[in-house]
Ligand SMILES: NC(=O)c1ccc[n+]([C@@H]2O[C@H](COP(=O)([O-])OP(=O)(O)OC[C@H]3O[C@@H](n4cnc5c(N)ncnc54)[C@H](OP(=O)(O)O)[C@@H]3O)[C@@H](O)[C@H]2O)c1
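For reference, the chain that follows is the form predicted on its own, supplied as structure tokens.
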Amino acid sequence: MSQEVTVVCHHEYGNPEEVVRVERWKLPSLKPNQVLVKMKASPINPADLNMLQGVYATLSPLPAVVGMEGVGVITQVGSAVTELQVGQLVIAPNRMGFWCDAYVSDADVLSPIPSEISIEQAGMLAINPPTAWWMLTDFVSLEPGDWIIQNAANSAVGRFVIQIARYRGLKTVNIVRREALIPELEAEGADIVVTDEFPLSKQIRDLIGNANAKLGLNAVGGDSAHEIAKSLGAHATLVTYGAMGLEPLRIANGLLIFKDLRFRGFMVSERCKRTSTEDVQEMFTQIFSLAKAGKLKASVEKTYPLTAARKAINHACQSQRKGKILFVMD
């Protein structure tokens, strides 16, 4: 007899609070190369809300279970599975549908998590830390002392950029919208934190002097991204990974002609798809090591059960939160 589990799903796109549902679904039978994973924790990320709205880059066939990352424990293994064991904590870096009690997965797409990492922190390691890690390694060769400029610095990715940069000896200029965030980010290791008052580029250049910032990270777009580009040194790269400001990226002719800037885009799921399993695991080994040492962590404001999905989503949509909103399963 098939096992039934609670899922948070949607049958249509629209306002996240209105289209989300809590239902009981049947799990498929376990195949020899598969495992059964009981979910423990899963965050609500902006991309999850975009998925519910129907505006994310890749959409799952409806009806669909929501949730792009999370951590669970293996409770059953198929007869052909040899690398994983019952009781191991695991994440699935390139899977959709974590807002549920349990799921069945092919064993070879799962990454074991060290037991020393807390459940809440483990549930937030599959998307934002890899995004920060790869953006700091893929586009520019950075050495200790090099400067990075980023907007949306108080976002989950922005905070992981600060933490990883600090670990690598890199320096960060961090742009936020509220002065109250300045001491908070400085405590996490930010070198410079500024509010997005214009002319922003002059403010940044005055603070870093003649330093040649090699990398800019943009999650906002519009004027904010343009000001970062103006602040970068010659031959630098601006990487866009989000568009929170809902404004297009503007590239001034002079930035291309006189500074020879590079403009690139980044999406973590696409990066995972074109990366070997061995390379993905190597990246996670580094991230897990930092998480175990307490050098990589995200703040959590509140946790909810799956049955309170609408309330949790409403909370996640509020501005000026102090941390992530998580689903925690029994």
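Everything numeric here is computed off the predicted structure, so don't read it as measured data. Quick note: we count residues from 1 along the sequence shown, nothing fancier.
Absent from the display: the form predicted together with the named molecule. The rest refers to it.
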The named molecule in the predicted complex: within 4.5 Å of a heavy atom of each of Ile127, Gly242 and Gly245?
yes
Between the options Ser231, Thr172, Gln163, Thr131, which residue brings a heavy atom to within 4.5 Å of the named molecule in the predicted complex?
Thr131
In the predicted complex, the residue from Val268, Val35, Met51, Met39 with a non-hydrogen atom within 4.5 Å of the named molecule is Val268
If contact means any heavy atom within 4.5 Å, which of 317-325, 8-16, 21-29, 303-311 contacts the named molecule in the predicted complex?
317-325
Quick one: does Ala219 come within 4.5 Å of the named molecule in the predicted complex, counting heavy atoms only?
yes
Gln150, heavy atom within 4.5 angstroms of the named molecule in the predicted complex:
no
Wondering, does Val157 line up within 4.5 Å of the named molecule in the predicted complex on heavy atoms?
yes
Touches the named molecule in the predicted complex: Thr275 (any heavy atom, 4.5 Å)
no
Residues from 18-49 in contact with the named molecule (non-hydrogen atom within 4.5 Å) in the predicted complex
Asn45, Pro46, Ala47
